[in-house]
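Heads up, the chain below is alone and in the form predicted alone; it's given as C-alpha cells.
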Amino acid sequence: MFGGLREKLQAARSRLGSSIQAVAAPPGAQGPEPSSPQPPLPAESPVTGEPGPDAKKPAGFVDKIKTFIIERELIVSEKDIDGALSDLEITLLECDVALPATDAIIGQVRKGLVGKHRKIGESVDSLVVNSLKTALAEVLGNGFDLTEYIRQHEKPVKILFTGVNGTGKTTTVAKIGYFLKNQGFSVVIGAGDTYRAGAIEQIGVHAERLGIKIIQHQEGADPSAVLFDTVQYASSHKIDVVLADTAGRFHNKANLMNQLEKIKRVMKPDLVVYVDEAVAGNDAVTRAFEFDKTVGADAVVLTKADMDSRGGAAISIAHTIGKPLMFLGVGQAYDDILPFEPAKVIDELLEGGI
C-alpha cells in the first residue's frame, strides 16, 4: 500500500538529511588548524623510556579529532531546512494529503528539528526519521481497536454503517462480520438498505456464506423497523454485535439524511461508522467531514486502500475530521480487511515495509 507516497517520503527524508548534514559537516572541513607551529613531541629515550623527538602521535588520534569536529553537536536552524520542508509540503499535497494535515505535518517536523541539538554520535538520518515519525503519528492518531471496544461495552454493541453510494459499504459490513466472528464474537446483520435494487439479496448472500444471522424485511420497508427488529433479536438471543447496513446517500440529500436521523433515534447505535474509498483522496475527506457534521461519525473505514498508491485519505482523514480510522479494505476476499494500526503504517512509509 501507499507505494507512491512511501517513495516520495523517502526522497523528502533524504533531502532533509542532506540539508542538515551540510551544516554538520561543511565541505572541506578538515578539523581545527593550529594557531601557531607546535613543537614536536620528543622521541622515546632507549635508556629512560621517555618520549623522544621522533615519536609519533598515538594511532587514531587525528581520526578522533576529525570525528569530533565532523560529528560535533549542532543546532538546526530554520534556514537549514527551509527548502527541504518546501519539498516535503509539495510531496504531501501531490499525494492528496489534505491541506490541514499537510500543514500539521510540516509544522511538527519543523518543531522537531529547528533549534534541536544533534548530539555527538547521533546520525542525521535518525534525527530526521524520528521527527517524521512524530509528525505522522500526530496526524494519524491512535486508530480504533474495535475488538477492545466490544469487550469493554455492554452487549449487544450496535454499529451503524453509513456512507455514499458505491463505496463498498455492504461488503465492508460482511468483512467486519467475518473479522468479528474470527475474534470469537457472535454477530447479527440488519439489512437496512431496503431501497437499492438487490441490496437485501447482496447482504443476504454474504451472511449465508459467513454463517451469520441476518434480519431483513421486504424491499421498500422502513429501514428503522428492520434495524429495530435486529437489535431486539440480538438482545433476546444474547448476540454480541449488531452490524447495521444502510442505503448509500450523499450528505446534501435532506430526505435521506432525515431518514438516517430517524434510524439513529430508533436503533440508538453505540458506534456510527462512515465508509468511503481511499482512492477518492480529498473527496473522501470532505465527504467524511460533511457526514460527521450532519449526522455524526465515531470512526472511519476506507475501502480500496490496496489500489491507493497516494495514501492521502488515510493520512488525512483522522486529523481533518477528528475521528479515528478503524479498518482499511485491501481486496475482495472476506479477510482482506486490516485493523488500522498507525505505527505499522508509519513503519511502512519510512522503513520500506511492514
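Just count from 1 along the sequence shown to find any residue number. Just so you know, these numbers come straight off a predicted model, no measurement behind them.
The form predicted in complex with a small molecule is left out here; the points below concern that form.
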{"property": "Any non-hydrogen atom of K304 within 4.5 angstroms of the small molecule in the model of the complex", "result": "yes"}
{"property": "S235, heavy atom within 4.5 angstroms of the small molecule in the model of the complex", "result": "no"}
{"property": "Distance check, G329 to the small molecule in the model of the complex, heavy atom within 4.5 Å", "result": "yes"}
{"property": "4.5 angstroms heavy atom contact with the small molecule in the model of the complex for A244", "result": "no"}
{"property": "Contact stretch among 260-268, 127-135, 148-156, 164-172 - heavy atom within 4.5 Å of the small molecule in the model of the complex", "result": "164-172"}
{"property": "Contacting member of S186, N282, T194, Q202, with respect to the small molecule in the model of the complex [4.5 Å, heavy atom]", "result": "Q202"}
